[in-house]
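As a starting point, one isolated chain is supplied in structure tokens, in the form predicted on its own.
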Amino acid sequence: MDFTQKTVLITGASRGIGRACAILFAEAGARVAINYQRNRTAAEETQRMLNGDGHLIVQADVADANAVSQMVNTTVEQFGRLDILVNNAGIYEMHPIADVSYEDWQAAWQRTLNANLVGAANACYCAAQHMMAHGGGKIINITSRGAFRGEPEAPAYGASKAAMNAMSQSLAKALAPHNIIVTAVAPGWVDTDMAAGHLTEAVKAQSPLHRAATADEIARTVLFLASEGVAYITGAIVDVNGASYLRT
């Protein structure tokens, strides 16, 4: 997987899966745009971990349509091109239907859909405009096992990720004539800072491997999907959940 002369924009790249993707892309020769929302210190730490020079830090709240457009434009202006988009940014907010007020319910749905789905859709649109004009590209959307098995305490999260899967498949069909390959990666539990408080032994036991995935394992799947020679996998949703949830 040689990404020399390739440029990649990764949303939510200041930590976790996004940081792992940034590290591996840089090791493979890519120039990386590291998106973050609030924690610039973490984004700068990610940048210091990257092999090579010339990587970019770009601030944007993906729930803000104008900020998404500016993020993509800044990346293209800096690098002169955009070859790969990884939509990784997202939020997980608990809002069990039996316990929250109607106002809190509506707010949780709006925040989650704006960040997880609409933000990713806008990033896809903005990136695709450039890719269509420059011979193609790759879009990889990070979704979730929760799209299939349900998220009873965070239904907006599950719904947003299911919609992200459907969006990925729709865009795979729409963008194939423009040589833009669109795929999705659906992890289960991943051992990141964000998930640390939830990784009980019972949670780990959901997988016959008796552990959560590492961020590196998810990132390596992303790099495979972004590599050359796998275009016919467009439209695929790749499960990376350690056999904790199997579907046919």
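Start at 1 with the first residue shown and count on from there. These numbers were taken from a predicted model, which means no experiment stands behind them.
Absent from the display: the form predicted in complex with a small molecule. The rest refers to it.
Site annotation in the predicted bound form: the residue of 17, 9, 24, 226 reaching within 4.5 Å of the small molecule with a heavy atom is 17. Only one of 47, 221, 207, 37 comes within 4.5 Å of the small molecule in the predicted bound form through a heavy atom, and that residue is 37. Not displayed here, the small molecule is approached by residue 195 to within 4.5 Å at the level of heavy atoms in the predicted bound form. Interface residue remark: residue 137 is not counted as part of the site for the small molecule in the predicted bound form, having no heavy atom within 4.5 Å.
Looking at residue 144, you'd find a heavy atom of it within 4.5 angstroms of the small molecule in the predicted bound form. Using a 4.5 angstroms limit between non-hydrogen atoms, residue 57 is distant from the small molecule in the predicted bound form. Of the candidate stretches 74-82, 153-161, 126-134, 102-110, only 153-161 has residues whose heavy atoms lie within 4.5 Å of the small molecule in the predicted bound form.
If you check the small molecule in the predicted bound form, you find a heavy atom from every one of 61, 89 and 188 within 4.5 Å.
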